[in-house]
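A single chain, nothing else alongside it, follows as structure tokens in the form predicted on its own.
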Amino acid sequence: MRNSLRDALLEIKKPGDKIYLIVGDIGFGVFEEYSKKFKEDYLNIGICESNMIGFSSGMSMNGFLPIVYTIVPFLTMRPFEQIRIDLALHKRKVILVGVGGGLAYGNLGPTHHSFEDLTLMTILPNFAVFSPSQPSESKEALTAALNHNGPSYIRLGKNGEPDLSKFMLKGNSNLKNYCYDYKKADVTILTYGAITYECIIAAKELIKDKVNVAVVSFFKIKPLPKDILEVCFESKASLIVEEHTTYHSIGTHIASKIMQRGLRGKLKILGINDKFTEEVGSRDFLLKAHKIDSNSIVKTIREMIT
């Protein structure tokens, strides 16, 4: 996803425009072409994230459009006060791009895991929030952020996420339907971000056993597309899967919205429980440890339909 966003930025960026890339001592092997091509519009500000946010706010006030890039927990948690006051309160047009959402940096331990970031960023007024599920959506998210009149946050995976288009039945700018038509499915999985691929693997496995499972993904987290709520009302049963805590999560927000209208079907949320990760290992290892890998999703759906 990060390479796709870089390619989109290189395509969109023009000499003399107001777009400015700021990184926090990261992006080596990713932004070399950008830094050479647009030397005057690139700055590695070092490991000082709070200053980075304040700096980007000041640039925005002077007519620039800063894109700020670093690892998710360092971008969203370390300088949260500056994000809240310098960006959200003053509605500054700054695009925050976090790499390594969820458990992508699994081997680096809990300091580098990010299962609280969407809770933090979505509670801030004026913010738009995006979480692409596949590389092609990185450009969609960047374009949407550029068109948003205020601050934005884009949560990326790390790299190597697969193209999901071969599984897609239909889609639009708000949602994409994979594997099976959700209007006819026994269970619909609602999801976002890199975990979408695990959901598709689970759906394909269940379909082999005559359990019709649809996967519907969305990358616009805030504002939440109304289409997502309609999917819930048109589905027999819904499972929301997140690579994020389920405590004050996107899933709980969706549940709150649909409960206010009166849900008739089943609804369950599957994500990271309210705890830090004690194990150290790869993302695949940690998805299994937190029981949000494809096998765990299969097991959860079997329990839902029995």
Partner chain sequence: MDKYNKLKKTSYKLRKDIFTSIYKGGGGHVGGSFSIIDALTYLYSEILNIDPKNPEDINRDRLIFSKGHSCQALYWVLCHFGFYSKSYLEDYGKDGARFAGHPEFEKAPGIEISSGSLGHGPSIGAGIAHACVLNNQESKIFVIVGDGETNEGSVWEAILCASQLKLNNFYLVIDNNQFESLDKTSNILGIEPIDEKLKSFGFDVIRCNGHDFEELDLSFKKIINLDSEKPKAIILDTIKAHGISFTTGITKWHYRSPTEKELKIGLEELDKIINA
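None of the values given here were measured: they were computed from a predicted structure. Residue numbers count along the first chain shown, from 1.
This protein has a second form, the form predicted together with the partner chain, left out of what is shown; the following refers to that one.
For the marked spot (V99, L108 and P135), a heavy atom within 4.5 Å of the partner chain in the predicted bound form is absent from each of the three residues. Of the candidate stretches 27 to 35, 269 to 277, 243 to 251, 61 to 69, only 61 to 69 has residues with heavy atoms within 4.5 Å of the partner chain in the predicted bound form. Think of it this way: in the predicted bound form, the partner chain has a heavy atom of just one of M77, L89, L229, I123 within 4.5 Å, and the residue is L89. Exactly one listed residue, out of T119, Q82, N212, N177, brings a non-hydrogen atom to within 4.5 Å of the partner chain in the predicted bound form: Q82. At least one heavy atom of K18 is located within 4.5 Å of the partner chain in the predicted bound form. Among residues of the shown chain, L263 is not one whose heavy atoms approach the partner chain to within 4.5 Å in the predicted bound form. Although the partner is absent here, I45 lies within 4.5 Å of the partner chain in the predicted bound form, judged by heavy atoms.
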